[in-house]
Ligand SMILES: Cc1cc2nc3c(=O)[nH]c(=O)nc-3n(C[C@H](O)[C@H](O)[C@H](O)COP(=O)(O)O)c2cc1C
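Encoded as C-alpha coordinates, the following chain is the form predicted alone, with no partner shown.
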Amino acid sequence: MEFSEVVRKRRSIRDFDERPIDKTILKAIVEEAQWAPSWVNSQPWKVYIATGETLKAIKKEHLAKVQAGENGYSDFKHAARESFGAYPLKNMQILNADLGAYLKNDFSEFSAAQGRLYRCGAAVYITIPKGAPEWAIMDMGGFEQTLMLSAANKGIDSIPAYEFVKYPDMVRRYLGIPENELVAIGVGLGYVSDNAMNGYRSPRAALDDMLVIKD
(Lines give C-alpha, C1' and ligand atoms only; values in the text may rest on other atoms or scores of the structure.)
Protein backbone atom coordinates (compact mmCIF):
# COMPACT_ATOMS: atom_id res chain seq x y z
CA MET A 1 0.00 0.00 0.00
CA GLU A 2 1.00 3.61 -0.45
CA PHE A 3 2.08 5.22 2.82
CA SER A 4 -0.85 7.67 2.91
CA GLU A 5 -3.23 4.72 2.49
CA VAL A 6 -1.57 2.82 5.35
CA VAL A 7 -1.83 5.83 7.67
CA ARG A 8 -5.54 6.23 6.95
CA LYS A 9 -6.22 2.49 7.16
CA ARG A 10 -4.93 2.31 10.73
CA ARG A 11 -7.80 2.83 13.17
CA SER A 12 -8.78 1.57 16.58
CA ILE A 13 -10.86 -1.60 16.26
CA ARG A 14 -13.22 -2.44 19.12
CA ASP A 15 -14.07 -6.00 18.12
CA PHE A 16 -11.98 -8.62 16.33
CA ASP A 17 -13.06 -12.06 15.15
CA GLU A 18 -10.50 -13.90 17.38
CA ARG A 19 -8.71 -15.55 14.47
CA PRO A 20 -5.07 -16.25 15.44
CA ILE A 21 -2.29 -14.35 13.71
CA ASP A 22 0.56 -16.34 12.22
CA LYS A 23 3.71 -15.97 14.35
CA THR A 24 5.75 -15.23 11.24
CA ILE A 25 3.59 -12.15 10.64
CA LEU A 26 3.88 -11.07 14.28
CA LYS A 27 7.67 -11.31 14.12
CA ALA A 28 7.76 -9.33 10.86
CA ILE A 29 5.61 -6.56 12.40
CA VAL A 30 7.90 -6.23 15.42
CA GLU A 31 11.03 -6.36 13.28
CA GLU A 32 9.77 -3.47 11.15
CA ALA A 33 8.77 -1.50 14.25
CA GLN A 34 12.37 -1.72 15.46
CA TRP A 35 13.28 0.86 12.83
CA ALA A 36 11.44 3.54 14.84
CA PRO A 37 13.69 6.44 15.89
CA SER A 38 15.30 6.19 19.31
CA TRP A 39 17.21 8.61 21.57
CA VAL A 40 20.94 7.83 21.11
CA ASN A 41 19.79 4.48 19.70
CA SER A 42 18.79 3.39 23.21
CA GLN A 43 15.87 1.28 21.93
CA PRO A 44 14.45 1.07 25.48
CA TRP A 45 11.48 -1.08 24.55
CA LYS A 46 10.94 -4.80 24.96
CA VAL A 47 7.97 -6.63 23.50
CA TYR A 48 5.89 -9.49 24.89
CA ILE A 49 3.06 -11.00 22.82
CA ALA A 50 0.31 -13.22 24.21
CA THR A 51 -1.34 -15.65 21.80
CA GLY A 52 -3.06 -19.03 21.99
CA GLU A 53 -3.67 -20.50 25.45
CA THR A 54 -1.77 -17.70 27.20
CA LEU A 55 -4.02 -15.09 25.64
CA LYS A 56 -7.12 -17.11 26.51
CA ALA A 57 -6.02 -17.24 30.14
CA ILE A 58 -5.30 -13.51 30.25
CA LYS A 59 -8.70 -12.71 28.72
CA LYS A 60 -10.49 -14.98 31.19
CA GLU A 61 -8.82 -13.55 34.28
CA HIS A 62 -9.07 -9.98 33.00
CA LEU A 63 -12.81 -10.32 32.45
CA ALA A 64 -13.25 -11.84 35.92
CA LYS A 65 -11.45 -8.88 37.48
CA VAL A 66 -13.57 -6.40 35.53
CA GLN A 67 -16.82 -8.15 36.43
CA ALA A 68 -15.74 -8.20 40.09
CA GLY A 69 -15.26 -4.43 39.93
CA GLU A 70 -11.52 -4.55 40.61
CA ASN A 71 -9.96 -1.14 40.05
CA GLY A 72 -7.08 -0.79 37.64
CA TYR A 73 -3.58 0.00 38.89
CA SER A 74 -1.47 0.54 35.77
CA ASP A 75 2.28 1.15 36.06
CA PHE A 76 1.78 4.63 34.62
CA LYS A 77 -0.12 6.85 37.06
CA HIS A 78 -3.73 7.36 36.02
CA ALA A 79 -4.41 10.95 34.93
CA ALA A 80 -7.69 12.83 35.00
CA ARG A 81 -8.77 14.12 31.60
CA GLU A 82 -8.61 17.71 32.83
CA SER A 83 -4.90 17.31 33.52
CA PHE A 84 -4.15 17.04 29.80
CA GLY A 85 -4.91 20.73 29.25
CA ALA A 86 -7.66 22.75 27.59
CA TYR A 87 -6.96 21.88 23.93
CA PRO A 88 -6.74 18.07 24.42
CA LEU A 89 -9.76 18.19 26.71
CA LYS A 90 -11.77 19.92 23.98
CA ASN A 91 -10.84 17.13 21.55
CA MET A 92 -11.93 14.52 24.11
CA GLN A 93 -15.27 16.23 24.55
CA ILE A 94 -15.80 16.31 20.78
CA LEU A 95 -15.06 12.58 20.67
CA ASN A 96 -17.55 11.84 23.47
CA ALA A 97 -20.32 13.71 21.71
CA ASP A 98 -19.53 12.24 18.29
CA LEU A 99 -19.25 8.69 19.59
CA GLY A 100 -22.44 9.08 21.63
CA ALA A 101 -24.32 10.11 18.51
CA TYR A 102 -22.92 7.13 16.57
CA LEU A 103 -23.87 4.67 19.31
CA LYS A 104 -27.22 6.39 19.96
CA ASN A 105 -25.91 6.92 23.52
CA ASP A 106 -25.91 3.18 24.18
CA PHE A 107 -22.38 2.50 25.40
CA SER A 108 -23.11 -0.98 26.79
CA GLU A 109 -21.49 -2.94 23.95
CA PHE A 110 -18.67 -0.41 23.74
CA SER A 111 -17.87 -0.92 27.43
CA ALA A 112 -18.28 -4.70 27.22
CA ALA A 113 -15.65 -4.79 24.47
CA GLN A 114 -13.05 -3.51 26.93
CA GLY A 115 -13.70 -6.31 29.40
CA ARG A 116 -13.21 -9.00 26.77
CA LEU A 117 -10.06 -7.27 25.47
CA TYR A 118 -11.76 -6.65 22.14
CA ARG A 119 -11.50 -10.38 21.24
CA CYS A 120 -8.04 -9.65 19.80
CA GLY A 121 -6.05 -12.41 18.14
CA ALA A 122 -2.81 -11.28 19.79
CA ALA A 123 -2.09 -8.92 22.69
CA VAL A 124 1.16 -6.98 22.44
CA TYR A 125 2.71 -5.56 25.63
CA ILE A 126 5.50 -3.01 25.32
CA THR A 127 7.75 -2.36 28.31
CA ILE A 128 10.50 0.08 29.26
CA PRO A 129 12.87 -0.06 32.23
CA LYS A 130 11.61 1.29 35.53
CA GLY A 131 13.19 4.65 36.23
CA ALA A 132 13.81 5.36 32.54
CA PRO A 133 13.69 9.07 31.56
CA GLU A 134 10.75 10.62 29.75
CA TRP A 135 12.67 10.38 26.49
CA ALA A 136 12.20 6.61 26.68
CA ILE A 137 8.42 7.12 26.77
CA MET A 138 8.67 9.22 23.61
CA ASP A 139 10.72 6.50 21.92
CA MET A 140 8.23 3.85 22.98
CA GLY A 141 5.36 5.82 21.48
CA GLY A 142 7.19 5.97 18.17
CA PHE A 143 7.78 2.23 18.32
CA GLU A 144 4.10 1.60 19.08
CA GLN A 145 2.91 3.70 16.15
CA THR A 146 5.37 2.08 13.76
CA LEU A 147 4.20 -1.34 14.94
CA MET A 148 0.56 -0.49 14.23
CA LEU A 149 1.40 0.94 10.80
CA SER A 150 3.37 -2.19 9.94
CA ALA A 151 0.39 -4.28 11.02
CA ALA A 152 -2.00 -2.21 8.92
CA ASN A 153 0.23 -2.69 5.89
CA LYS A 154 -0.10 -6.45 6.38
CA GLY A 155 -3.89 -6.42 6.71
CA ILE A 156 -3.84 -6.64 10.51
CA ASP A 157 -5.96 -4.18 12.50
CA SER A 158 -5.12 -2.85 15.94
CA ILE A 159 -6.18 -0.95 19.04
CA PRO A 160 -3.89 0.66 21.63
CA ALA A 161 -5.76 0.69 24.94
CA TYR A 162 -5.32 1.27 28.66
CA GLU A 163 -7.41 -1.85 29.24
CA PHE A 164 -4.49 -4.11 28.30
CA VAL A 165 -2.21 -2.67 31.01
CA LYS A 166 -4.92 -2.15 33.63
CA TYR A 167 -3.71 -5.10 35.72
CA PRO A 168 0.08 -5.21 35.16
CA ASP A 169 0.82 -7.81 37.85
CA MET A 170 -1.42 -10.29 36.06
CA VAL A 171 0.31 -9.60 32.75
CA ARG A 172 3.74 -10.06 34.34
CA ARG A 173 2.69 -13.41 35.77
CA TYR A 174 1.51 -14.83 32.44
CA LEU A 175 4.32 -13.45 30.29
CA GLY A 176 7.27 -13.60 32.67
CA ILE A 177 7.90 -9.85 32.59
CA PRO A 178 10.54 -8.84 35.18
CA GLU A 179 9.63 -6.46 38.00
CA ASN A 180 12.21 -3.94 36.78
CA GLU A 181 10.20 -3.31 33.58
CA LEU A 182 7.15 -1.05 33.33
CA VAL A 183 4.19 -2.63 31.53
CA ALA A 184 3.61 0.59 29.66
CA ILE A 185 1.54 0.08 26.52
CA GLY A 186 -0.81 -2.63 25.33
CA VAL A 187 -1.93 -3.12 21.73
CA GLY A 188 -4.52 -5.59 20.50
CA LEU A 189 -3.95 -7.02 17.03
CA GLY A 190 -6.36 -9.01 14.92
CA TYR A 191 -8.77 -9.29 12.04
CA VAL A 192 -11.75 -6.95 12.16
CA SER A 193 -15.18 -8.45 12.79
CA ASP A 194 -18.49 -7.23 11.33
CA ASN A 195 -19.51 -5.62 14.65
CA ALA A 196 -21.18 -2.27 13.96
CA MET A 197 -18.86 -0.54 16.43
CA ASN A 198 -16.03 -0.97 13.96
CA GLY A 199 -17.71 1.43 11.55
CA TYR A 200 -16.87 4.37 13.81
CA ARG A 201 -13.86 6.59 13.10
CA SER A 202 -12.89 9.28 15.56
CA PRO A 203 -12.63 12.85 14.24
CA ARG A 204 -9.35 14.71 13.90
CA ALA A 205 -8.75 18.33 14.78
CA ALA A 206 -8.70 20.84 11.95
CA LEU A 207 -5.18 21.36 10.64
CA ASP A 208 -5.30 25.11 11.26
CA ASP A 209 -6.16 24.48 14.92
CA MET A 210 -2.96 22.55 15.63
CA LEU A 211 -0.40 23.64 13.04
CA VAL A 212 1.80 26.74 12.99
CA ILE A 213 4.25 27.42 10.14
CA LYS A 214 6.33 30.60 10.20
CA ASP A 215 8.71 31.78 7.51
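Numbering starts at 1 and follows the sequence shown. If you're wondering where the values come from, they're calculated on a predicted model, not measured in any experiment.
Heads up, the form predicted together with the ligand isn't pictured, but that's what we're talking about next.
Asker: Taking the ligand as it sits in the predicted bound form, is residue 185 near enough to touch it, meaning that at least one heavy atom pair lies within 4.5 angstroms?
Answerer: Within the cut-off, so yes.
Asker: Even though the ligand is not shown here, does residue 73 get within 4.5 Å of it in the predicted bound form, heavy atoms only?
Answerer: The answer is no: residue 73 has no heavy atom within 4.5 Å of the ligand.
Asker: Quick check on residue 23: any heavy atom within 4.5 Å of the ligand in the predicted bound form?
Answerer: No, residue 23 sits far enough from the ligand in the predicted bound form that none of its heavy atoms falls within 4.5 Å.
Asker: Would residue 162 count as touching the ligand in the predicted bound form under a 4.5 Å heavy atom rule?
Answerer: Yes, contact at 4.5 Å.
Asker: Tell me, which of 138, 89, 95, 112 has a heavy atom within 4.5 angstroms of the ligand in the predicted bound form?
Answerer: Spelling it out, the residue with a heavy atom inside the cut-off is 95.
Asker: Work out which of the listed stretches, 59-67, 40-48, 152-160, 175-183, brings a heavy atom within 4.5 angstroms of the ligand in the predicted bound form.
Answerer: In short, 152-160.
Asker: Along 195-215, which positions have a non-hydrogen atom within 4.5 Å of the ligand in the predicted bound form?
Answerer: 201, 202, 204, in sequence order.
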